[in-house]
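Below sits a lone chain in structure tokens, taken as the form predicted on its own.
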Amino acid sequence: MSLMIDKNMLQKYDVAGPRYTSYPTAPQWSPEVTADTYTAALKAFGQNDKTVSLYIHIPFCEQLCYFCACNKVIRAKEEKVGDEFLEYLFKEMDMVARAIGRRKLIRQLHWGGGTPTYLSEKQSERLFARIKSLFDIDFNEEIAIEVDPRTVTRSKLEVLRQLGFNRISMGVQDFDEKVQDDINRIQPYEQVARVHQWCRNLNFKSVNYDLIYGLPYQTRVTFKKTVDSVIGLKPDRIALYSFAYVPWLSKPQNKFNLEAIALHDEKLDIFLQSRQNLLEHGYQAIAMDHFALTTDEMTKAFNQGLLYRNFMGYTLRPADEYLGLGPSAIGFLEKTYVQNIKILPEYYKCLSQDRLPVERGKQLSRDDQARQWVINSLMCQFQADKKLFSDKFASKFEDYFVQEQQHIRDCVEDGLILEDGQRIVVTDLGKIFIRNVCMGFDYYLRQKDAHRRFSRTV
């Protein structure tokens, strides 16, 4: 179905706002959550039978992509760089496992970055072996890794498959040569197609692409060519992200020509055109910015209301708790967010002093948990069940969210949601502005200038 969006509505909702990979969002975290706080949470985790999702952040990239605001370290390919990193990562892993005090079952494993395939085949094998020595891994669940099509080899993919990885995620972004040149990521279609075929030949269960709309020099015409090419390769899932222009966080973005960046209605038109193209070719819109083949497990989970979200993205069968290892990695344990030190030398220094490298975090209050539940429900299932909320938090939805009633009425009036005594349901139009719908339930956005920390929602 094609969506027509009024330009006045576009201007109204094109504001800075969170993506809600967490709630409360990262600007609300503080150094009050320390290594001692984390150790106590790990010990409590060790006293129960809860399972875990494990994320490992490998920060290295061989080349700087100017659009990227992720935590990364640019290094030429050298074995000694990976060896040094693993020395400290293993130390962190050992300290975490020792604090837990028992073997835990990993229900979801993800290596991200940076570029995890910066590690050599031997280093990848060593890292996987160390994980297996400390944890049990459910190989029937999702074992995923991000790869760079420019540098990954078939031999390395063979090793990853033999280790047990079953899902590959590739950063594609855009195939247009002018866009690639401006963002400093030269990656021809033929290169991606070759890696894609290797993945299929090696029987990876799922191959996923990341695309970004709103990059410099993108137009509806050029990006349609990219999406058409992607559809031809038929990845199982596609993440279609809005370019987060945050030069105050990512200095390389200052290199961009502002006049070349698609803004407001043009950027939205690129998204809507791409969305329609995908829907017409066997993909279903999943949650906020993801698309999956209608035959994919994620589509089935979404349709059954069984989709969940954490820092590794959307997932079908989440673990109870979430551990993050490596610089800047984030965990969520015993209702507490914990983030590691971002700067690599400081991460190394902390571990060399036998201290867990915790930089900041957030212990959730009851109100945080209630708002987190609503926001996660809206982000993952495009609805919030009022009775489920009441059962979980022993409070009637309307009584708890008295101050949010005007926001709810506004969203109903603008056609973003439908509401009755049972549920809030997000409309097709509301799915485009889901961040804005969620923002009305965000207590911390009421603070002065809170919006300025985020990228724009459109």
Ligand SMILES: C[S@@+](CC[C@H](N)C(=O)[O-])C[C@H]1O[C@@H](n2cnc3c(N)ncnc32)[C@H](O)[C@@H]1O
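Counting begins at 1, following the sequence as shown. Only a predicted model underlies this, so the values are computations on that prediction, with no experimental measurement involved.
Unshown form predicted in complex with the named molecule; subsequent notes refer to it.
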- Message: Within 4.5 angstroms, counting heavy atoms, which one of the listed stretches 197-205, 223-231, 79-87, 242-250 is next to the named molecule in the model of the complex?
- Response: 242-250
- Item | Contacting member of 359, 146, 296, 321, with respect to the named molecule in the model of the complex [4.5 Å, heavy atom] | 146
- Item | Proximity to the named molecule in the model of the complex, single hit among 107, 104, 290, 185 (heavy atom within 4.5 Å) | 185
- Might residue 270 be said to contact the named molecule in the model of the complex, defining contact as any heavy atom within 4.5 Å? no
- Item | Partner proximity in the model of the complex: residue 115 to the named molecule, non-hydrogen atom cutoff 4.5 Å | yes
- Message: Quick check on residue 313: any heavy atom within 4.5 Å of the named molecule in the model of the complex?
- Response: no
- Query: So in the model of the complex, does any heavy atom of residue 171 sit within 4.5 Å of the named molecule?
  - Reply: yes
- Quick one: name the residues from 68-83 with any non-hydrogen atom within 4.5 angstroms of the named molecule in the model of the complex. 68, 69, 70
